[in-house]
Ligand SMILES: Cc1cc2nc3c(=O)[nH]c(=O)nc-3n(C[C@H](O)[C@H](O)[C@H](O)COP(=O)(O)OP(=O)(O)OC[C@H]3O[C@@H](n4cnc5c(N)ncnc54)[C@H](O)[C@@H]3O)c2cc1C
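Okay, so here's just one chain, in structure tokens, the form predicted alone.
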Amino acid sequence: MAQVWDVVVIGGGHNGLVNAAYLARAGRKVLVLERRHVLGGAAVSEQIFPGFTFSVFSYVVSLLRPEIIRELELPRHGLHILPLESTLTPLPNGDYLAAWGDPDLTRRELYRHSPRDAEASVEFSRLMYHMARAVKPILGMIPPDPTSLSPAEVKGLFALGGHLRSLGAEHFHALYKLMTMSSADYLDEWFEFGPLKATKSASGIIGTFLGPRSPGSAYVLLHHYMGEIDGAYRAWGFCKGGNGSVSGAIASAARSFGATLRTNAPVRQVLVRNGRATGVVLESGEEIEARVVVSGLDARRTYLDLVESKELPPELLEQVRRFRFRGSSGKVNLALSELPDFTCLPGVGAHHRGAISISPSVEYLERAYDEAKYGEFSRRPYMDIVFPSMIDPGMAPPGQHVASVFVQYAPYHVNGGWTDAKREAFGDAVIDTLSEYAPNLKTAILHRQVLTPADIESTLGLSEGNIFQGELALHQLFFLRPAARWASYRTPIRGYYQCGSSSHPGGGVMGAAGRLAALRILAET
């Protein structure tokens, strides 16, 4: 007699693994099916070139929810987060702007550029701390359906309303502005030094097809302020061994609770009988029976690819077809014979153990966005660069280094499509721009890997290469993510759930969607 699983989870990304770990911890018999040879989705570490290990896609840790780390005991399973304590913004005139781990050093650095901004930054940081705390309970809340009169949904709406009322008028108005304004316009209200506004507003464009002057980008900025390490908000870190170690720790926790994890097992279809999910069919033709099926894939894959349209309401299908992905991010991974020597701060220093931000002005970022709007990759892009081997020397051979370069903008719908020649031209633009600030870079490159949104889509299955499984736009958040009436992790098909970043609270290596979906499943099955 064929084995029947309590739960089959489609996709071994970090949300799928979190979901499996919680369900297995509750005693469910869980099987995870991952299409690739490695678990983790976008959170993977791979040795692309001999001796050099890369966090190939996602590369930093901050948004991973503290309750997941605590409840799954991830440090016991190997999670070790190392701090990224600084951000250096090189400037075209040879100067720089720096934020250091020591708040006093940072304040003195800001004072050098603008005494007014040095004072304002203290109040701004205090407000963003309160905003992050205000949003934190929402991250742990299953979105209620405002159109439903069921007691559970009404109770959820009252809880949400009560939380918003508890913020007080000042913080509620600040939250409203962050939800609706552009990051640059919001920061104009606080600061005067251009590179400071640009570097902060860059957090509002990451992974989203928006410019710094686009309304809604201030929320994306806030989304990145939600990160929390050991109780410190806006703290960023690097996982020892790369971001694959995050997935590895979650996978280890899931296995310890009894979950079974399979790789090289792509799912072709979810089986549905009489309106209920009964299992899955692999691309090999193998059928696997299950009482519950959970999709960690994005909304397009979950609803349009895995099940037949006749099983779903037309209004849901229409909403999913309109759901915006619009991948806009690229990645360049470099193996280096030596570290880049930045003209603004020569030699090897503390700045190499933090992040380097190529964001000299808001106008620079907006021009990069303008090129993407018209179907071209940015010739002078925004970049966020880290050198993992300076934090974890085991990532590269002795004396050599790896660099992780996150790039905006590389539109999925680029003119003429992403040919090999266009991919290499994009890589050249990244290297040429960075070399303006570190002239030794080109001669230091031993190997390079260039990834476009098309590569991300073909490798990971993320629609249009969107790293958040769908844009973090206001009309795609909370009880509208991914669709009105279907934001609470359940789908119209009984026994079929979603747990990926296309659902609340969105993208980043957060794990919240996987956890909340597991809580919903445990309450209903």
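Since this is a predicted model, take the numbers as computed values, not measurements. Position 1 is the first residue in the sequence shown; the rest follow in order.
Below, we refer to the form predicted together with the named molecule, which is not included among the displayed structures.
Enquirer: Is there a heavy atom of Leu516 lying 4.5 Å or less from a heavy atom of the named molecule in the predicted complex?
Expert: No.
Enquirer: Examine Arg35 and determine whether its closest non-hydrogen atom to the named molecule in the predicted complex is within 4.5 angstroms.
Expert: Judged by the heavy-atom cut-off of 4.5 Å, Arg35 is in contact with the named molecule in the predicted complex.
Enquirer: Can Phe479 be called a contact residue for the named molecule in the predicted complex at 4.5 Å between heavy atoms?
Expert: Close contact is absent here: in the predicted complex, Phe479 is far from the named molecule, nothing within 4.5 Å, heavy atoms only.
Enquirer: Counting only non-hydrogen atoms and a 4.5 angstroms cut-off, does Asn15 reach the named molecule in the predicted complex?
Expert: Yes - in the predicted complex, heavy atoms of Asn15 and the named molecule come within 4.5 Å of each other.
Enquirer: Name the residue from Ala473, Leu31, Ile69, Val60 that puts a heavy atom within 4.5 Å of the named molecule in the predicted complex.
Expert: So the residue touching the named molecule in the predicted complex, by this definition, is Val60.
Enquirer: Name the residue from Ala265, Val307, Met181, Ile142 that puts a heavy atom within 4.5 Å of the named molecule in the predicted complex.
Expert: Only one option qualifies, and that one is Ala265.
Enquirer: Among 340-348, 365-373, 165-173, 289-297, which stretch sits within 4.5 Å of the named molecule in the predicted complex, heavy atoms only?
Expert: Comparing against the named molecule in the predicted complex, the contact stretch is 289-297.
Enquirer: So which bits of 37-53 sit within 4.5 Å of the named molecule in the predicted complex, heavy atoms only?
Expert: Read in sequence order, the residues that approach the named molecule (within 4.5 Å, in the predicted complex) are Gly40, Gly41, Ala42, Ala43.
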